[in-house]
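Coming up is one lone chain in structure tokens, specifically the form predicted alone.
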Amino acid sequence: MRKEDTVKLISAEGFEFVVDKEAAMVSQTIHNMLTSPGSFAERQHGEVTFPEISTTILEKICQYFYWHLQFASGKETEFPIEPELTLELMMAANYLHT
């Protein structure tokens, strides 16, 4: 896969997740960061840092991006969320508009 087809998402702890750009675009916030006109660092470097999102939560968000691409067509499946992650995940999803 070509570098321009991926985006690097970086957690608060500095852990890097390299995901397909199409998957990352599930988030309206990431979509805007990567496609807005101008010379934003996120667009130029293909990476987005989330200083407020922990590695555990960002990993779950990345899993959701791929789940959404696979099942958004209307298939009835549930995305598994561990109860202890619920609050942090909801706050991150709100920020990312997912």
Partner chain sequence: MSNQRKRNFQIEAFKHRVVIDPKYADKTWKILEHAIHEIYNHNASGLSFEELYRNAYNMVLHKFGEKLYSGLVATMTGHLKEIAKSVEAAQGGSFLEELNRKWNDHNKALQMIRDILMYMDRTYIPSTQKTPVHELGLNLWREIVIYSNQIRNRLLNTLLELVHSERTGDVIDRGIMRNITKMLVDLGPSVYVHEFELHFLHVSAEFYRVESQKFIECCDCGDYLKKAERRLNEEIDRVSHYLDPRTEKKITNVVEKEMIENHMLRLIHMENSGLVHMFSDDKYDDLGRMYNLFRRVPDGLSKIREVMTEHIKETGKQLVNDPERLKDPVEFVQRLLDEKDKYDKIINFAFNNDKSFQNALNSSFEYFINLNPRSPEFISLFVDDKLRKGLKGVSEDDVEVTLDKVMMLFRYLQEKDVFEKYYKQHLAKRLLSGKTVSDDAERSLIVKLKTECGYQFTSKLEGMFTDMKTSQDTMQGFYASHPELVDGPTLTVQVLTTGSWPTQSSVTCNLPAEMSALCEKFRSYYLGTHTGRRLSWQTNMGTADLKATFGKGQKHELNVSTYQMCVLMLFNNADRLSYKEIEQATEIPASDLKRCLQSLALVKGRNVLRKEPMSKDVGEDDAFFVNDKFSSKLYKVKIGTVVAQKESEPEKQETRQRVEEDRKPQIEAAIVRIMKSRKQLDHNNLIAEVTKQLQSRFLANPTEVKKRIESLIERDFLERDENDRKLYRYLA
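Residue numbers count along the first chain shown, from 1. Here the structure is a predicted model, which is why all the values come from computation and not from measurement.
Separately, the form predicted together with its partner chain exists; it is not shown, and the next lines address it.
Although the partner is absent from this view, E42 contacts its partner chain in the predicted complex, with a non-hydrogen atom inside 4.5 angstroms. Among heavy atoms of F50, some come within 4.5 Å of its partner chain in the predicted complex. Using a 4.5 Å cutoff between non-hydrogen atoms, N32 counts as a contact of its partner chain in the predicted complex. Contact check for Q28: a non-hydrogen atom falls within 4.5 Å of its partner chain in the predicted complex. Using a 4.5 Å cut-off on any heavy atom, the residues of 81-98 that reach its partner chain in the predicted complex are, in sequence order, E84, L87, E88, M91, N94, Y95, H97.
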